[in-house]
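Heads up, the chain below is alone and in the form predicted alone; it's given as structure tokens.
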């Protein structure tokens, strides 16, 4: 606004319209004069946000969205709404601890992903491009508006665990977080970012001020470097100890915990002796931490199996016996390819869900 020759407070009016009133056209910003709106339009300025192009509805109430990105490529990303969350926040020091379940929005940071985790459908896409800060934050605003969420009155969790590796799009990811905190009014303590273990990104993240820093989750998924390198090739560049050393640099808030996400692959990472090994590994880090267990969610063309009946509970019991807080994330939206590791812009449905 200043560059356009206007007083600085016009910028605040513009931000208020975009991120609090959720306008989709310049003509709607009535706090700006008609002549100013006309001049901005004549100069080529537009306002808007990512459009929800398609909705898939699960039998459990979860919704998966194909969200259109800007640009001529016609690309889409995926965003997920879980009306009751998946219990992933349990035990991490969230201010909602002990309160009723809250909705969770799972947000993408890239179109596709370059990390190539062997158990993840998104890896099949490869990396197509980074999302801008506006595209990342815009997913959230579009979903908030769809569900009529009143920011400041209703609490919603955000998890940056959709398509992509946020720390390989670090600047745009953190710019989006700042927009969501400073302009939309969401709390960073209700946001969690998941990384596959990008050490330089974790080290940058450790320098972020607490007032805009989400909580940290690390996709561990294996008890040691040998197994982790097989299922997550990124481990060959940044092995477990390097990731843990970086995580120790994050200054945690009171009662805050680092979350280690652990996908249970049938016959590969779900044995009880591996649970005990994970427990010893987590204890050695010295971090205030917890482990979230995720039973692998199947997808076409992925050569793994779900854990056998009872394996998840046996793993949980063995890990808990090591003195590590451990929780099981509920699969949400599995029938519409909306669960963890299933996001691949799938147009069909895995089950008999409505659309």
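Because the structure is predicted, anything quoted here is derived from the model rather than measured. Numbering follows the first chain given and starts at 1.
The protein also exists as the form predicted in complex with a small molecule; that form is not presented, and the subsequent description refers to it.
Checking 161, 143, 243, 216 for any heavy atom within 4.5 Å of the small molecule in the predicted complex turns up a single hit: 161. Under a 4.5 angstroms non-hydrogen atom cutoff, the small molecule in the predicted complex has residue 261 among its neighbouring residues. Within 4.5 Å of some heavy atom of the small molecule in the predicted complex lies at least one heavy atom of residue 120. Contact annotation: residue 62 falls outside 4.5 Å of the small molecule in the predicted complex, judged by heavy atom distances. When the small molecule is considered in the predicted complex, residue 165 lines it closely, a heavy atom lying within 4.5 Å. Judged by heavy atoms within 4.5 Å of the small molecule in the predicted complex, the contact stretch among the candidates 270-278, 149-157, 193-201, 171-179 is 193-201.
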